[in-house]
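Next comes just one chain, in structure tokens: the form predicted on its own.
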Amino acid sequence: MYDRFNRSIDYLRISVTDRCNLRCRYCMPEEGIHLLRHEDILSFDEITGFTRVAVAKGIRKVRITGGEPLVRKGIVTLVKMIAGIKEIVDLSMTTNGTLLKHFAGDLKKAGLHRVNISLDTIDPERFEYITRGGNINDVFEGIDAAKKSGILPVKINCVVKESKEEEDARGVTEFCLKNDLEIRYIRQMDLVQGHFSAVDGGTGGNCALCNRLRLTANGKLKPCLFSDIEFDVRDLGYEKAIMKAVGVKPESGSNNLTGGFFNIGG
């Protein structure tokens, strides 16, 4: 499946919830958000059905995101359903890691291949400040649980303001080196202003190589994170929404005035 710029579109990111158990300052507004109604959120059958159609069109990599995906009730069941689509070669999840110690073993058995865990500092007080109340020990325990369960490699997503040479980022780098973890540095983005850059250690943020579609928790298919373009998969049907999204995928991102990281998945 190719877009009009000859990019092979083979990667689907699925936001399964707009809810999160943390309130990270660069992601969640201090005043909170207007949460989706439960009836507006795609069911597991809808998510799996859409994914089957996307795979038939050429999708081979799937990443489950949120919000925080582990707060979605029955998430292990959904992972097992998606893992049952045999053509998927890479099934991963992005999580803040705070609940992972409770789910790692079951997620591995369900078919999850690997996990990305958000960690922007290893200082407990800084972590509590950034997340507005989080406990960093929960993340450390989640990382250990993922490794012991065989969800490998464990990758760390570290958000930076400017570069990996910042004090917090250097601490995370050292932690990753000591604990055999891969790390990616993601410069803090602004959807409204259109500020983004290539991920250091990953392929995100490089528009020329973008191979992604994004499905929101309420069924909007987006061809680009930094764009307001979206197609309702319930209204259009799965295949038509996919083909429309691929057909108008922009050459590069601009800005997004209608969404947020908490409901698109970053």
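Keep in mind it's a predicted model, so treat the numbers as computed, not measured. One-based numbering along the sequence shown.
The protein also exists as the form predicted together with a small molecule; that form is not presented, and the subsequent description refers to it.
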{"property": "Which of 88 to 96, 106 to 114, 144 to 152, 164 to 172 lines the interface with the small molecule in the predicted complex (heavy atom within 4.5 Å)", "result": "88 to 96"}
{"property": "The unique member of 224, 62, 241, 27 whose heavy atoms fall within 4.5 Å of the small molecule in the predicted complex", "result": "27"}
{"property": "The single option of 100, 82, 189, 75 touching the small molecule in the predicted complex, heavy atom within 4.5 Å", "result": "189"}
{"property": "Site test, 3, 211 and 253 vs the small molecule in the predicted complex, non-hydrogen atom cutoff 4.5 Å", "result": "no"}
{"property": "Residue 159 within 4.5 Å of the small molecule in the predicted complex, heavy atoms", "result": "yes"}
{"property": "Interface membership of residue 121, the small molecule in the predicted complex, 4.5 Å heavy atom rule", "result": "no"}
{"property": "is_contact(residue 68, the small molecule) in the predicted complex, heavy atom dist at most 4.5 Å", "result": "yes"}
{"property": "Residue 265, heavy atom within 4.5 angstroms of the small molecule in the predicted complex", "result": "yes"}
